[in-house]
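Here you get one chain, nothing else, as structure tokens; it is the form predicted on its own.
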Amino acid sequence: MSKYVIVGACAAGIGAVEAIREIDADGEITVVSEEQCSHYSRPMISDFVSGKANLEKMKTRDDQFWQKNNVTLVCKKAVGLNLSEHAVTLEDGTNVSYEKLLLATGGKPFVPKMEGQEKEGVYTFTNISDAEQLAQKINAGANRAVVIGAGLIGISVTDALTKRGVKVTMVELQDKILSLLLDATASEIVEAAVRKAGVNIITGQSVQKILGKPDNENQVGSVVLTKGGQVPCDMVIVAIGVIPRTELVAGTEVKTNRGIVVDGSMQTSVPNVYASGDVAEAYDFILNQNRQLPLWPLAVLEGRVAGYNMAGKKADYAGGTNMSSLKYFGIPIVSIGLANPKPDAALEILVNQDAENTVYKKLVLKDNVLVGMTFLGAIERAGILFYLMKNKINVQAFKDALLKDDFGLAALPESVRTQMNLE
């Protein structure tokens, strides 16, 4: 029996291993992973497709990471969980027993049912295997793509395909792109840059059917949109989003909502069973509730908290919030917290836009405390503002300075600067 078993070897799994080894140098750790190489940055898979990075450059730990941490790595799929026997069942029927278990199974692409989705040339875009297949298809001559979804995943793969010379049509069900991150003004700025790069954007509908080529029905040849139009293409990339992989705990006593429910120690409703990363619903300090936040840095932190507690060191997860930092089509963007709220009289919105220089800054305040921000084009001061948000500092006395071009540490009261220097 392993003292610790971790299912999933990506961000949360790695964070947990490192935390456990800080406390327990000798306890046996077994990590179960479906991927032969899992220690790479998933946010960088668009760089892999564009040719900007190879797998070696994407690795977040060296190839000796598991050996250095005395970890038994089992590259097999976990297919079952027996809580009463404290055992994880693998795809070959063998069992791995545990004293403490971490479920870091991540998320999986959401793919709605579409006629023709089984055809050759339909891809998702969440891991290195997806990126490798897509790159091979482009290398083989494919040069027209339809990307379904214009959120974070959709915009990242569209940027990569465009850099490879692929003609892309992006199809988005909402009436604007990046609708979960940006308000209408910011979305229009980004959309203009994307269109300028040659991308065709279709909003307000989706894909109802994928058709084959005239000479090969099994290969993608075009898509039919929900309002009836047809777009020729060689590839379809489904980039709508991810859903938590909760299959292992289905039918068990582990409580789930949309993801696995955890407490501040990242422990599930079952003692000695923890969950972290995209599969877990962890604390959002802006919304003051637990929810899914499928973000790489938060997964690492959650994994570390779980690892400490598994090894006997009490640790509490301070919480995260929606945080996105991206740069596609030449525009740097930072979106944090309640960046695009619905109309609410309790919220105060501050905006500074410089259309000539493609700069847009927006802050959302509640009771003079920052609860959301969007920075587009000029993101240099976002770190200071995030500090104010994370520490719930009342900004009433200096909020008029927050969006000025010369805003910086000097604009903050001495008491805040002192607090920042002490942390």
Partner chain sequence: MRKIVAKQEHCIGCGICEVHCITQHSKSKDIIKAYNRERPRPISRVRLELNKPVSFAIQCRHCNDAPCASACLTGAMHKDEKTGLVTHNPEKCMGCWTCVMVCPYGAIKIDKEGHVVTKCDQCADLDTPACVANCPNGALECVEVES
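Positions refer to the first chain, counted from 1. Since the model is a prediction, treat every value here as computed from it, not as a measurement.
Missing here is the form predicted together with its partner chain; even so, the following discussion is about that form.
Interface membership of I336, defined by any non-hydrogen atom within 4.5 Å of its partner chain in the predicted bound form, is confirmed.
Proximity of E56 to its partner chain in the predicted bound form falls within the 4.5 Å heavy atom cutoff. Although the partner is absent here, A411 sits close enough that one of its heavy atoms falls within 4.5 Å of its partner chain in the predicted bound form. Although the partner is absent from this view, V364 stays clear of its partner chain in the predicted bound form, with no non-hydrogen atom inside 4.5 angstroms. Here is the short version: of T60, N70, T358, N394, the single residue with a heavy atom within 4.5 Å of its partner chain in the predicted bound form is T60. Just one of P297, G80, P232, G204 comes within 4.5 Å of its partner chain in the predicted bound form, counting any heavy atom, and that one is P297. Contact with its partner chain, judged by heavy atoms within 4.5 Å in the predicted bound form, is confined among 24 to 32, 350 to 358, 380 to 388, 364 to 372 to 380 to 388. Residues of 277 to 291 include none with a non-hydrogen atom no more than 4.5 angstroms from its partner chain in the predicted bound form.
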